[in-house]
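Listed next as structure tokens is one chain, alone, in the form predicted alone.
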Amino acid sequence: MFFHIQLERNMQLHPRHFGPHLRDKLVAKLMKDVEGTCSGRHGFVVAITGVDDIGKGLIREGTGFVTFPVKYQCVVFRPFKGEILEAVVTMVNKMGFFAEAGPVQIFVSNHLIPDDMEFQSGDVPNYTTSDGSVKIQKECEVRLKIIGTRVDATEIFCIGTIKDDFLGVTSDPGAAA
């Protein structure tokens, strides 16, 4: 799920960047350092939407760097247990498959795939229904439900299922060929 929150970060800036464009340099460094990162507490920072306040800088003794407290608004993505997501399958093996929904990687075990689907090995490993009408393979889109999350300091791992109503393949690139 996406949230719009306010965060604070202390930014260090080298004295060579001081001048009329100090604020622009701080904002550019903030975007470079923060966008695309993950904190276990808030989730993945998708984008910075605005800078609310840049405090007074404190000179770091011995280095000449200055530390500025910066308050900023950002959009974060954090998956929750029970949430339904659309994801793209990245890898299929006999244990299940991995899918990605934005920056989050989700594993769906073969025990959490409907019983009528069986693993087919070969040049393109996949899970196929007995009648061959539905096929889960690399690059296809699936709708899945998050049933568990594990949060580390810099990463979020998820376990998902497609063994529920209205879950499963939403688009199959193999069908178009």
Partner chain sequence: MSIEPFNRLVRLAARAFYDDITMKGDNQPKTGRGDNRGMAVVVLDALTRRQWVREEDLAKALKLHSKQLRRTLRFFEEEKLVTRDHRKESAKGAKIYSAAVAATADQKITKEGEEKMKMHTHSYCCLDYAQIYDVVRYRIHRMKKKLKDELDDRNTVQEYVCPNCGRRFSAFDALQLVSPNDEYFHCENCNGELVAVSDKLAAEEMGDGDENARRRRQEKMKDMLQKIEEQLKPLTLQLARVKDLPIPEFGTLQAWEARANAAARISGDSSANDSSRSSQAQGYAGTPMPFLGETKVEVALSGVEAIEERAVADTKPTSVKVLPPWMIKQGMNLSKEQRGEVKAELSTDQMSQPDDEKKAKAESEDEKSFQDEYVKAYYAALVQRQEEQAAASKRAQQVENNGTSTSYLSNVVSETPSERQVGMKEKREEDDDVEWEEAPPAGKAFKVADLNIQADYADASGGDDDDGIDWEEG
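Positions refer to the first chain, counted from 1. Just so we're clear, the structure is a prediction, and the values are computed from it rather than from any experiment.
There is also a form predicted in complex with the partner chain; it is not shown, and the following applies to it.
Peer 1: Is there a heavy atom of Val34 lying 4.5 Å or less from a heavy atom of the partner chain in the predicted complex?
Peer 2: Output for Val34 is no: heavy atoms all beyond 4.5 Å of the partner chain.
Peer 1: Under a 4.5 Å heavy atom criterion, is Ser121 part of the interface with the partner chain in the predicted complex?
Peer 2: Ser121: yes, in contact with the partner chain in the predicted complex.
Peer 1: Evaluate Thr149 for contact with the partner chain in the predicted complex, applying a 4.5 angstroms cut-off between non-hydrogen atoms, and reply yes or no.
Peer 2: Because a heavy atom of Thr149 falls inside 4.5 Å of the partner chain in the predicted complex, the answer is yes.
Peer 1: Given that the partner chain is not shown alongside this chain, does Ile159 nevertheless sit within 4.5 Å of it in the predicted complex, heavy atom to heavy atom?
Peer 2: Result yes; Ile159 sits at the interface with the partner chain in the predicted complex.
Peer 1: Report yes if all three of Lys94, Gln105 and Lys163 come within 4.5 Å of the partner chain in the predicted complex by some heavy atom, otherwise no.
Peer 2: Yes, the whole trio is in contact, each within 4.5 Å by some heavy atom.
Peer 1: Could you work out which of Ile54, Leu30, Met117, Leu112 is the residue within 4.5 angstroms of the partner chain in the predicted complex, going by heavy atoms?
Peer 2: In short, Leu112.
Peer 1: Pick from Gly50, Pro69, Gly40, Pro125: which has a non-hydrogen atom within 4.5 Å of the partner chain in the predicted complex?
Peer 2: Only one option qualifies, and that one is Pro125.
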